[in-house]
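The data below hold one chain only, encoded as structure tokens and taken in the form predicted on its own.
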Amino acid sequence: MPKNAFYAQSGGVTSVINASACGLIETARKHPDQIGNVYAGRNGIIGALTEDLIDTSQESDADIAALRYTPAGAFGSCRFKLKGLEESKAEYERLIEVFKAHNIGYFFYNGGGDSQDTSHKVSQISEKLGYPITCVGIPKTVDNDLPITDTCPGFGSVAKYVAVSIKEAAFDVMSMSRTSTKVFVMEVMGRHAGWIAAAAGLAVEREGDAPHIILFPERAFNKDKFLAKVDEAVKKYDFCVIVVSEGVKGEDGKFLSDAGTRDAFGHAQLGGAAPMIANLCKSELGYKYHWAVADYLQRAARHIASKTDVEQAYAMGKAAVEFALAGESAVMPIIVRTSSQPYRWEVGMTNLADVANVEKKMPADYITEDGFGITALCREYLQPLIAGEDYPPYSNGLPNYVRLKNVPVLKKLNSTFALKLK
């Protein structure tokens, strides 16, 4: 009797994480002699701990295929971090209990650095607890900060959304700048790495194009230099468009937008960099402003997803199953760039131990000397990642996204698990 598989989505969702789920489930269905059912965790790893599993075999082939163009997490995601064996022994024992009860021999976890840390720990600790599991991580993060892989599924589509949005907003501001708004600020995601903010720089195609200023987490915010740059842009172009990453820090090392709270992974809750920057332009320079926070819109915008990103997300889910069936464990498929001009890529593989809890920041030579823009080298890296369109089908003028039935798997354990959520 073939072992069943457990698949779960973790962390902040993206517009293409379901494309990875599609690739995984469609590939698993082609190997019924090696993989029985694919069970999804409802709300990520929490679904395994609470024995709240979803039977994906109850979904039609057509609905699974529709995941390719449906945003967000079809099975629910979570921010929940498993610690080491000593601190989280009861949780690991519970995972093994659930996996044994449901004949699960494959563990696929779709997420970023913290999620890959979980995948790695499960692969190690399942061995210690006498029930070895084949564990394969699947890369996902809009922040593009996973190491080793050339890019992360989810990033290309956010990059496309941000570049298009800032280009369109700049046309709006430029139209009204003579008598109205002089400064427009857009805040984007990016805690420690400025990849998303950098993508806005792709909108600059000739002298004077916006954004005129990009604020990166990799560069400490210098108030005087910033205000001088804003003033220069307004005097030269009659307006100034600014993109600020949520993770920008002052010269004291503190986040400009730290709300003073923490999420379940222990990260500072950020938000509010845009109004702070905009108000600074008003109070110090007297310029009328508007600001916007892209927030969830940037990562949910499947209607304008990058075709490259969709294809790579699907390929990662497909490769995860193929690696597992080939006997690989404690690994993660990656995207390997073989050429930038023309752009070519292939699927590679790396060890989870080399990925877990490691952040990839913007290289110094991707940021201009003044710290407010991207270099030609950065543009060469980013441009292919936003290439191509992959529109979802539309109905009544709106995207026709799928809602799965998410039929629960019958519980087999009499015991329940008390889960401590922050």
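Numbering starts at 1 and follows the sequence shown. In this text, all values refer to a predicted model and were calculated from it rather than measured experimentally.
As for the form predicted in complex with a small molecule, it is not shown, yet the points below apply to it.
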Of R79, K229, H303, K288, the one that lies within 4.5 Å of the small molecule in the predicted bound form (heavy atoms): R79
Among the candidates R191, K307, K249, R337, the residue which, in the predicted bound form, approaches the small molecule to within 4.5 Å (heavy atoms): R191
Taking heavy atoms only, is R299 within 4.5 angstroms of the small molecule in the predicted bound form? yes
At 4.5 Å between heavy atoms, is G23 in contact with the small molecule in the predicted bound form? no
When the contact criterion is heavy atoms within 4.5 Å, does V142 count as touching the small molecule in the predicted bound form? yes
Among 201-209, 337-345, 291-299, 68-76, mark the stretch whose residues have heavy atoms within 4.5 Å of the small molecule in the predicted bound form. 291-299
